[in-house]
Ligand code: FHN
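First comes one chain, alone, set out as structure tokens in the form predicted alone.
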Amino acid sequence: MSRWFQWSVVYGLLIAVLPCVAHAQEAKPAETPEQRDARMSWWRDARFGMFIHWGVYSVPAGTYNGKQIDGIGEWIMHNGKIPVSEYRAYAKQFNPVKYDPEAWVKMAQDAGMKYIVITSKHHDGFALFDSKVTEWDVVDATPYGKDLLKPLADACHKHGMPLGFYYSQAQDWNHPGGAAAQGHWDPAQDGSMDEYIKNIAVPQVEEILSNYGKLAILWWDTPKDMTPERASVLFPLTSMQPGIITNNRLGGGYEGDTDTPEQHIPDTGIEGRDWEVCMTMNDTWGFKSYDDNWKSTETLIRNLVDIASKGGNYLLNVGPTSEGLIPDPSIQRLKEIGAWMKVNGEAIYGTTASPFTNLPWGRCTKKLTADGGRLYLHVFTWPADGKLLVPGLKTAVSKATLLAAPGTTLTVETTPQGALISLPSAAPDGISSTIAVDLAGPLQVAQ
């Protein structure tokens, strides 16, 4: 993935420099707030997406010269200080003959995910596509010899799944001149970064934006050494895909459309910005054979609910093997999330953030109209006395029901403390049960 936190301070300093910001804003096409809302609407409704980190790093899978290398799997070249020639030899073992992009898309859809983002090129510089500007790609360097992005793009388009490409624009540990987090360790990496941007990054971004049909997202990563001048030759390329959504990791003063908190959920969301939490299911993004520290399905579902309740999206990662298989623990968790989403999905998709500052029993999402709307109460802790207080809710409730039992109606009492809902003795779902509360008028909450 990235060491985003290491660069967030540097990036913050960059965007604080007024000339840089002005430069970035001038380069953006004019867009009204209404046009931006229209462009972002599908993404805001989606709430849940799949991240895929895949590449040559899945061959060593965390082990180099018989030693388990600390850190995340896709950083093994950097963390193990593997020479370029040695690392490139791993490509001869990258042969994803079990790759089934149709199955991947179906898996994402069955899990309730509404978009996919895949690493077209990560920091090791290896392209999952047939790049014409380098032989360090899946077509030229591996026995597989076929573009991996094209069949996934075809499957996504066939099944109506928005597709995005991740691209590491700055860090590249194989091509001369590419940046490295802690500096180069092999003379083969030395060179001009400006020449690298010109000869590798720019033409490759042109390739991924022009050869795979409609793209929904371009996901930059780690703005290491990205000056405004370097970023300014990359950002205009996004005009090749009208309507594309970009994140805040290009650097050089370009804010992009979305903020990207990594591996953590902001306590109160990010006011005034669209945002998306990217997170692993275990401790690594790229496949690491011995990382068995898997998050529970309960944790993953509650993360999704928590993020939606704060107005954000959840981009949940899978790391396929060098054969092209998504690990079984990921598959199992996606199935279980999908089962929950089949019952509770309407309380996630198209919702906005909770109006409540503190709910001791769980979270809330909402869909409002001018004359009322609906609250979704996500109950993590089922009340032992069968009484659920919605603190501070002043609007009268016209109806309350469990999403797991849509034919039932729950009794609601108006009290000075808020709405008090009578519940069955047992929770329909031990992870998170959803109560739909229809409002009889405009939402009013006492703070």
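In this text, all values refer to a predicted model and were calculated from it rather than measured experimentally. Start at 1 and count along the sequence shown; that's the residue number.
What comes next is about the form predicted in complex with this ligand, which does not appear here.
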item: Answer range among 198-206, 152-160, 69-77, 359-367 for contact with this ligand, defined in the model of the complex as heavy atoms within 4.5 Å; value: 69-77
item: Close approach of W285 to this ligand in the model of the complex, 4.5 Å, heavy atom; value: yes
item: Contact test in the model of the complex: W219 vs this ligand, heavy atoms, 4.5 Å; value: yes
item: Heavy atom of E262 within 4.5 Å of this ligand in the model of the complex; value: yes
item: In the model of the complex, Y166 touching this ligand (heavy atom, 4.5 Å); value: yes
item: Among the candidates L375, L250, A91, C278, the residue which, in the model of the complex, approaches this ligand to within 4.5 Å (heavy atoms); value: C278
item: Stretch 117-148: residues contacting this ligand in the model of the complex, 4.5 Å heavy atom cut-off; value: H122, H123
